[in-house]
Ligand SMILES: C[S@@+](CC[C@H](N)C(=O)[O-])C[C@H]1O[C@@H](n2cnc3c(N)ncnc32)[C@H](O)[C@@H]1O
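First, one chain by itself in structure tokens, the form predicted on its own.
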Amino acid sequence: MSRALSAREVDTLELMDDPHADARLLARTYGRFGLVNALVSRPGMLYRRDIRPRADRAGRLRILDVGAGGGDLCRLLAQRLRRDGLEADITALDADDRAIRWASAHDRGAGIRYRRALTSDLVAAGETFDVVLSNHVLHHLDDAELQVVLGDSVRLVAPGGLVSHHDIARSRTAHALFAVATWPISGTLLADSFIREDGLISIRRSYTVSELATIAPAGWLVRGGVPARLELRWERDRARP
């Protein structure tokens, strides 16, 4: 790994995290997340492996998406559950009011509950969920903030439930591939958005699988995936004491 990617670049903030970010560019960014995440995050696998089997058993699944951003993952899960005749109560949680306002305005009949709050607020309220998940949130956190979110996630998951946090895995290859893949569409599909520049920053801010394995509390499973993915996973019935 090159020197520039040998450690997390935590001091470089993403453009969309600037409270004074251009509102039009921010809205365009939220609107493009669904396309980018469908290609990079493989949410269909998450649905087939973890969401649908639990929905089949639970009857009505309670899902919490931490750091939901524009809500694209929540809308996709709601659409697929409805298509398969399954029911769920989905909560999209984000600390940024701009994200919550945009997502709720673009719900498109998904029926998602949008909340501007922190995970600690839900813990204090005594809420629990069958599945607690996130996508592309871990790299926004420093090590101390990560421990808070992981601790809250465990407190928020109900008996028999699952916590599954997905993110990018930092590597020189991931950085180069994203730069090359997004360059041809930077002036078209990604134009007037923060996606390309923020995506590269995100990779530089991200953890590697080995870094997460070192700092994850007991009971958490860390695993890598393709392309340049990682998952931090905790299941209440399987966690070590």
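Note that residue numbering begins at 1 and tracks the sequence as displayed. Since the model is a prediction, treat every value here as computed from it, not as a measurement.
We do not show the form predicted in complex with the ligand, though everything after this point is about it.
Each of 72, 99 and 136 places at least one heavy atom within 4.5 Å of the ligand in the predicted complex. Comment: the ligand is not present in this chain, but in the predicted complex one of 174, 190, 66, 201 has a heavy atom within 4.5 Å of it, namely 66. Contact annotation: of the candidates 123, 110, 95, 86, the single residue with a non-hydrogen atom within 4.5 angstroms of the ligand in the predicted complex is 95. Heavy atoms within 4.5 Å of the ligand in the predicted complex map, among the stretches 46-54, 182-190, 33-41, 205-213, onto 33-41 alone.
Using a 4.5 angstroms limit between non-hydrogen atoms, residue 149 touches the ligand in the predicted complex.
For residue 154, no non-hydrogen atom is located within 4.5 Å of the ligand in the predicted complex, even though that partner is not displayed. Using a 4.5 Å cutoff between non-hydrogen atoms, residue 158 does not count as a contact of the ligand in the predicted complex. For residue 228, no non-hydrogen atom is located within 4.5 Å of the ligand in the predicted complex, even though that partner is not displayed. Taking a 4.5 Å heavy atom cutoff to the ligand in the predicted complex, the contacting residues in 115-133 are 117, 118.
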